[in-house]
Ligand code: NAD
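One chain follows as structure tokens, the form predicted alone.
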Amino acid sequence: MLLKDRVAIITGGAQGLGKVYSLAFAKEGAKVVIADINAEGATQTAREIQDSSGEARSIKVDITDASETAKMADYAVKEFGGIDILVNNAALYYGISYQKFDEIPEEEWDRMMRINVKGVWLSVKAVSPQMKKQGKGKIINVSSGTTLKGNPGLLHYVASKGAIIGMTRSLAREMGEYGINVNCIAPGFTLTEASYLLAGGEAKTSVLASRALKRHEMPEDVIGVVIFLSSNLSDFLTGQTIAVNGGDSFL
């Protein structure tokens, strides 16, 4: 098991890719804290892990609130004795509409930046004291393949996920002296239950046409990279962004 007895916090772990990460981490032996604003979903994911003889806890967290992210970190330490891994997965994507850049409502722009950018900053800020104390830690930020392609109609989302790549590089510089690795993944369009329902047939077909590997991206395609970045196998890798998209775009 690559993550045996590691303590991992996964934000947005109640559903979608976050839930997939949570279940996979538990299978690799990690003790998982599922942090999500959806308390019921987080509890259900934790229960699924526990029913499979894994170790997991859940906590309701609004990552845009510094006091709540601080409680998240404290909870992980209280329950499991430390924090080895943070996966910054929580983000706003579903529920927004495709619009020209000059038609995006200001309140939607601000909400996007508050969740997708500020939320990552606050989560890293919350776990960093414990990781520094331990002299080690793995932080994995989740960007998006849209930043590499410049998808139209999603300027606020693309901008927020582009910021994650820049934050990853700066954080890697600041955290390296404490033995903390900070890396980033940029998944392509991945078929989770929610994305499958939201995306029309034309959208799915166009994604396939642009990929070097002519198949849909499944959650399982992303898991291996996240586990790799969370394990000892990536101890000398930091500040990097890995595009996991089947060759839809290249870094």
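As the structure is a computational prediction, the values presented were derived from the model and not from experiment. A residue's number is simply how far along the shown sequence it sits, counting from 1.
Another form exists, predicted in complex with the ligand; not displayed. Remarks below refer to it.
Only one of 102-110, 130-138, 143-151, 75-83 has heavy atoms within 4.5 Å of the ligand in the predicted complex; I'd like to know which.
Comparing against the ligand in the predicted complex, the contact stretch is 143-151.
Which one, Ile180, Leu171, Val124, Ala90, lies within 4.5 Å of the ligand in the predicted complex by heavy atoms?
Selected residue: Ala90.
Of the options Ala46, Ile63, Ala26, Cys184, which one has a non-hydrogen atom that comes within 4.5 Å of the ligand in the predicted complex?
Selected option: Ile63.
Is the gap between Ser58 and the ligand in the predicted complex 4.5 Å or less for some heavy atom pair?
Residue-level check for Ser58: no, no contact with the ligand.
Against the ligand in the predicted complex, would Gln15 count as a contact residue? Criterion: heavy atoms within 4.5 Å.
So Gln15 counts as contacting the ligand.
If we define contact as a non-hydrogen atom of the residue within 4.5 angstroms of the partner, is Val207 a contact of the ligand in the predicted complex?
Result no; Val207 lies far from the ligand in the predicted complex.
Even though the ligand is not shown here, does Ala70 get within 4.5 Å of it in the predicted complex, heavy atoms only?
Result no; Ala70 lies far from the ligand in the predicted complex.
Using a 4.5 Å cut-off on any heavy atom, which residues of 23-54 would contact the ligand in the predicted complex?
Heavy-atom contacts within 4.5 Å come from Asp36, Ile37, Asn38.
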